[in-house]
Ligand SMILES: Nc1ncnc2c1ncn2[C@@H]1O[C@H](COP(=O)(O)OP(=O)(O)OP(=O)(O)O)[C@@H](O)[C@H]1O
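A lone chain, given as structure tokens: the form predicted on its own.
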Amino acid sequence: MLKIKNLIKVFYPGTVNETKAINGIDLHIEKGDVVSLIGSNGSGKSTLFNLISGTFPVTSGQIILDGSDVTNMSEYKRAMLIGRVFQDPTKGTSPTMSIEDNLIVSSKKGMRGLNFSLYKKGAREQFNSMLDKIGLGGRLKDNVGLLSGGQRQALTLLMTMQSNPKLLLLDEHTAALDPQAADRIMQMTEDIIKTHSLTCMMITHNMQFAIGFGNRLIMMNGGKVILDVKGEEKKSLTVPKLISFFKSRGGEEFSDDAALLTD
């Protein structure tokens, strides 16, 4: 599904600020893998997502998605293949537009000639059915700016799925939410992944989420993958084990207090 070959990303090359953010990553994500991605601050997690999605150009290496080389494909073209949900609930929606218009835009992603007055017959009923599942039924005409952070993130997930992405990237998508909203979004996320048999990668700063989510866990440090476990090995993990492993492989203390949460 996703093959990453000797991926390198250098910022400010040839200057005193030169930084190698991704340092020769080789990674193969199988179709149907649901991956938790963890690591200390500055380990390269978000940079990796930005390279996969095309937000940043690669310095060298190759990114292959579903058999196609997308290394030099533009971000907007990759958006038709990759769904991404960000930490900030405001990033995935337009607050000045209605819920209905947001859904129309997302359903037409990658298509020419967007027309707000003419769209697929029965779409409004379909939209309402979708919204019922997240407690927003009957609110198609409400502006998105009126929604809470958790409601906007739930709407963003629904919108992301309308393009039937080959790969779903979740970039700390519960980090800005209160604990109750975060739990609801995580449950919704797991339901969507199961229903659509998605391949997914999720960055999280909560190790307990990382251990309980999906079938595979990857830990990064210094722009490299230092741990990649799945199946029974992943199920046996605990937060203390992960911290101990990080210290033994990284030679340093884990610098992100949020990741040490155990509840």
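Numbering starts at 1 and runs along the sequence shown. Please read these numbers as outputs of a predicted model, since none were measured by experiment.
Below: the form predicted together with this ligand, not depicted.
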| property | result |
| --- | --- |
| Contacting member of Gly214, Gly42, Gly54, Gly61, with respect to this ligand in the predicted bound form [4.5 Å, heavy atom] | Gly42 |
| Which of 193-201, 33-41, 62-70, 232-240 sits within 4.5 Å of this ligand in the predicted bound form, heavy atom basis | 33-41 |
| Distance check, Lys224 to this ligand in the predicted bound form, heavy atom within 4.5 Å | no |
| Contact test in the predicted bound form: Thr19 vs this ligand, heavy atoms, 4.5 Å | yes |
| Contact of Asp101 with this ligand in the predicted bound form (heavy atom, 4.5 Å) | no |
| Proximity of Glu172 to this ligand in the predicted bound form, heavy atoms at 4.5 Å | yes |
| Contacts with this ligand in the predicted bound form - residues in 46-63 whose heavy atoms fall within 4.5 Å | Ser46, Thr47, Phe56 |
